[in-house]
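One chain is shown next in C-alpha cells, namely the form predicted on its own.
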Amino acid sequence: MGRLEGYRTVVTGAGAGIGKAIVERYLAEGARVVGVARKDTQLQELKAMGALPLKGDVTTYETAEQAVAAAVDAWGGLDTYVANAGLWDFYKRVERQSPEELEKAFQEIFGVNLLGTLYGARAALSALRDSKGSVIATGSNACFLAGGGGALYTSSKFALRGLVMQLAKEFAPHVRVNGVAPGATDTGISGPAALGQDTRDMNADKDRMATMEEYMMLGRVSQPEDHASLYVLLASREESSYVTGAMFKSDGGLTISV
C-alpha cells in the first residue's frame, strides 16, 4: 500500500517539471490526482499517466473551483491541494523594464505565484475541512534570500512564504498549510509574456545550468523528482499531522552557501 493510498488530490502546473514529478509520485503512492495544465499535449500526457486532466489558468478563480469540483465529483472529496504552478523572471533587473512592462509583468508573476495559490486555497477550503486535509505551495530558495531571480520573482516568493504562514493560522486547526522551497532545479519554468519570456525555458540555457551547479553544496543541480518526497510527506496525515505553516527547503544547501 502506498503512503497516499486513496488520497484525493489536485496539482497545478502539473504538465511539466516539478508538477509532473509530483503527479507521478502521488500516483505511485496510491493517490488520485486532478492535474491542472495549460497545454493540450500536457493534458494528454497526464491522462496517459492515470491522472484526471483539467485545462486551466491558475490566475482565475474559476480554474481553482473547477479543479476542486473535479476531485469532489469523481472521488467524493479532496485531501490535498498542491499549488505548484509558477513563473520565473530570468533575473530581469528593474532598471531594464519600462514602467509598463513592470506593471504587466507584476500582474503575471504575482497572479501565478501568489494569487493562484490564494485562489486554490480558498476554493479548496471547505472540502479540505471535511477531510482534515492540507494545502501545499511550491516556493523557492527565493522565499528566503535575494538572488534567486529578479525583483518581481523574489518578492512574489517572499510573499508566498508569508501567505503560507498566514493561511496556516487562519485554516487551523482542521487544515494544514505548508510549502516546499526547491532551489536550482533542472526544469523548463518560463517567464511572463510581458517580458517576452513566455516561450523561454530556464533549463534550455546550459551555461546558466552549469553556473548554478557551481553554487550547489551537493555538487549538482536537482531534478524535479528530487523534491517529490517532501510533497508526499506534507500530504500524509500519518507522517506530518503536526506540521503547519512550514516552508521546507529542498535546495541542496543553496541558501546557506551563498
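Fair warning: this is a prediction, and the values are worked out from it, not measured in the lab. Residue positions are given as counts along the sequence shown, with the first one as 1.
From this point on, the text means the form predicted in complex with a small molecule, which you will not see here.
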Practice item. Choose from 139 to 147, 169 to 177, 96 to 104, 124 to 132 the stretch whose residues reach within 4.5 Å of the small molecule in the model of the complex, heavy atoms counted. Key: 139 to 147
Review point. Is residue 235 close enough to the small molecule in the model of the complex to count, meaning some heavy atom within 4.5 Å?
Key: no
Exercise for review: Indicate whether the small molecule has at least one heavy atom within 4.5 Å of a heavy atom of residue 57 in the model of the complex.
Suggested key: yes
Exercise for review: Using a 4.5 Å heavy atom cut-off, state whether residue 18 contacts the small molecule in the model of the complex.
Suggested key: yes
Check your understanding: Can any non-hydrogen atom of residue 184 be found within 4.5 angstroms of the small molecule in the model of the complex?
Key -> yes
Check your understanding: With the small molecule left out of view, which of 43, 202, 230, 27 would have a heavy atom within 4.5 Å of it in the model of the complex?
Key -> 202
Revision key, fill the gap. In the model of the complex, the residue from 31, 189, 51, 195 with a non-hydrogen atom within 4.5 Å of the small molecule is 189
Review point. Do all of 85, 112 and 153 end up near the small molecule in the model of the complex, with near meaning a heavy atom within 4.5 Å?
Key: yes
